[in-house]
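The same protein chain appears twice below, in two forms, each given on its own as C-alpha cells and labelled structure 1 and structure 2.
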Structure 1
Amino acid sequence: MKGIFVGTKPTPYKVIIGARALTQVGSLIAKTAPDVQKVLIVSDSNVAPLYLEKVKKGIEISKMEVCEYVFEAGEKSKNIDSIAAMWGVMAENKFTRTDAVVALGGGVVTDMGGFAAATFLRGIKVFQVPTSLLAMVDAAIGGKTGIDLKEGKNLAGAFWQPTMVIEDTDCLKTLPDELFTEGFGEIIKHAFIMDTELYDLLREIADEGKVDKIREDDALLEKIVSMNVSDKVSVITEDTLDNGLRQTLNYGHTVGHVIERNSNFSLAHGVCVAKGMGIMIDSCEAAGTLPSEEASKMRDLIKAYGLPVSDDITAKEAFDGVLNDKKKRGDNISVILVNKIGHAEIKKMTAEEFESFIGKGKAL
C-alpha cells in the first residue's frame, strides 16, 4: 500500500493506493475524520453490485451509520437531478456538517459525489474511492467536481478537495477491457508532458510484450497508478485553481474534445485524447520543432497500448470546434505542445494560427 501526500492549501490530504484498499475505507475514515457519524455512499448501477457491500461493512464495523445512493451508470446521470436526490437522502437522514460522502465508482461518481459534498450544508467531507483507471489517475485527484448541463459537459461545479482518496487497484480487474485501455490515454499523456521515468517504464512493458499482463501484476499496477497520481498531484499542488501549469494536463485535449463532441460522445474520452495527441505530434513534427525520431517514439507508445494516433478530422473542423469551445475568433488559445518527451510547453496561438498549425500536420 502506498500513501501519496497532497499538499493543497488550506487542507492537505493523502491518496492511498494498493490492492485490497477497499477493506480499509471504514477504518481510514474513522482515523482521518473521527467526528464523522453518518456516511452517504454514492455509487452507480455497475459498481455498487460489485463493491458497495464490502465498503459498507467496513464503515459499519467502524461504528458509522451508512446511507446509499445508487444511480444508473453512465454520463447521462451526471446531472442536477442526481445531485438533488443525493441532497435529499442526506437531508432526510439528518446529515450534519461533520458527516461525509464516500464516492465509490468511476469519474462520473467521483465528480458527482464530490459536487454533492461540496454543496450540501455549504460543504461536507468527501472521501473519493475511484474504481476506474481514468478516475484513479485523473478524475478523483485535483478537487474538480461537477455535473453536465444540457448546454454542455462539466458546466456547473466546484473546486472541492477530498479528505482522502482511497484507490484499490483490485477494482481494475473488473473494469471492461476497453475502459482499461482508455485509461492509458491519460497515463501516456502524463509520460509525455512531464515524466520520462513513466515513459521508460511504459516503453519497457511494451517492448517485453507485457501490455496485456499489466492487470495481473498487483505491484506493477500499484506502481503505474502511483506514478500517475504523483504526476497529477505535483501539477495541481502548484496550480490548485487551474490558472497556469495545470493547463499542460490539456495536452491532446484541445483537438481531442472536438473529436469527442463530433462523435456525439460515442468515442471514449481516452481514445479521443490519444487521437488528439497523435494530431499534435504530427503538427509539431511538421512545424519542425519535434524531431521525427522522437515523434515516432511517441506514436509507437500510443499504438502499443492499443490506442489510435490519428483521426480524419480536418484542420477546418478542428478550428471550428475550438472556436465553439467558448472561444471567439481572434482570441488567443493556449496550445500545449510536447517537443521532447517529458516536457510540455504552453504556446499562445490565435485560432487562425492554430488551424494552419494543424493543417501542416495533416499534410504530413
Structure 2
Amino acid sequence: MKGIFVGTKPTPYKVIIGARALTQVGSLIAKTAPDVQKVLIVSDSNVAPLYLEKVKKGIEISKMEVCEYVFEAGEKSKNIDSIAAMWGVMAENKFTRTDAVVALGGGVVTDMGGFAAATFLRGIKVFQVPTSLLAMVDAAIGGKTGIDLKEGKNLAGAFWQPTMVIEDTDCLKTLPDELFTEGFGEIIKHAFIMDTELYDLLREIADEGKVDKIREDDALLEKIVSMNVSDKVSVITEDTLDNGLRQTLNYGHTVGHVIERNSNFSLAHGVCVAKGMGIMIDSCEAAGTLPSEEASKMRDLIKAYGLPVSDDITAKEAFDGVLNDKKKRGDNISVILVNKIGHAEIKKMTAEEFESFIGKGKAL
C-alpha cells in the first residue's frame, strides 16, 4: 500500500491507498487515534451491504464500540435531516470529543459523514473511507464537507480535515460501470488544470483502446488513483480554505453544479462536471483564447472515457444558477479557464459577463 502525506495546517494526515485496505480500517484508527472508544460508521444503502460488516468487524476487533447509520443512497439524502439523524445516534450513544465518525462510501457519504463529524460537539474525528473512484480522487480529500439546499449544491458545510483517508482500490472492481466512468470527470479535470503527465497517460490508454481494461490492471488502477490524490494534495496544502489556487479545482463545476441541480440530482456529479468542462471548452474557443486544435483534443479525451461534452442548458440558466454559487464573492464569480492543457487560470467575472461568455460558446 502507498501512503501520501497531506500537510494541511494545523491538521496534517495521510491518505492510504492500496488493495485490501478495508481490512485494516480498525487497526489504522487504533494506531492513529488511540483515544477513540466509539465509532459511528456512516454509509448508504448501496455500499453498506457490500462493506459495512467487514469494516465493523475490523473496528470491533480493535476494541472499539461501533454504531451505524445507513441512509438511502443518492444526492436527495444529502440534507439536514440526515445530518440530524447522525447527530442523534451519536448523542444517544454518548459519543464524546475523543470519538470518531467513519464515512464509508462515495462522495455523498464522505461529504455528509465529514459534516456530521465537523458539527457534533463542535468537531470530532472523521476517517474517510471512500469506495467510489470519484470519492477517492476528489471528495474524500481536502476537508470540504457539506449538504445541499433546494437552492443549490453544497451550500451548507464546513472545512473539516479528516484524521486519515483509507482507500481500498479493490472496491473499484465492484463499482457499477456508470459510477466508475463518472469518476473520470474529476480525473480528466486534474489532467486539464495541472497535470500533463496524467493527460499523456489518459491519452495513451485511450489511444490503445484500453479504457475498458483499466480495472483489470491493479498497478495501473493504483497509479491513476495515486496521481490524482497527489494532484489534489498539492493544491489543498497551499490553499486549505479555497481562497486562491484551490479554486482551480472547480473547473467545470460552476456550470456543472447548475446542470446537476436542474436535473433534480438525477445526473451523476462526474457527468455534470464533464458537461461543464465541455461548455467551458466551447466558451474559451469562442473567445479566441483556446486554440481549436487544443479544444478538440480536450473534447476527444472526455468522450474517450464515455463522458458527455455538451448539455442543453442555456446561458440564462447558467446565469441564474451562479447567483447562488458558493464561489461567488460579492458581485463577482471566480471562473476557472483552461486555455492550455495542464494550466488553469482564475478569471473574475460578473454574472452578466459570465452569461455572455457562456452564450458565445453555446453559439459555436
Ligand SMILES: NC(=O)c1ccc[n+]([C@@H]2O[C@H](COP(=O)([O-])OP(=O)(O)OC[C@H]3O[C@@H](n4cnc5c(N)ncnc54)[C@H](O)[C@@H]3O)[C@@H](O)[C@H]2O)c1
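Along the sequence of structure 1, residues get numbers from 1 upward. As the structure is a computational prediction, the values presented were derived from the model and not from experiment. C-alpha atoms forming the largest set that superposes within 1.5 Å between two forms make up the rigid core.
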{"query": "Which of the two shown is the form predicted on its own", "finding": "2"}
{"query": "Flag for I281, CA shift 2 Å or larger between the two structures after aligning core", "finding": "yes"}
{"query": "Per-residue C-alpha change between the two structures, E72, threshold 2 Å, rigid core fit", "finding": "no"}
{"query": "Is_shifted R20 between the two structures (CA, 2 Å cut-off, rigid core)", "finding": "no"}
{"query": "Distance moved by the F354 C-alpha between the two structures (core-aligned, Å)", "finding": "4.1"}
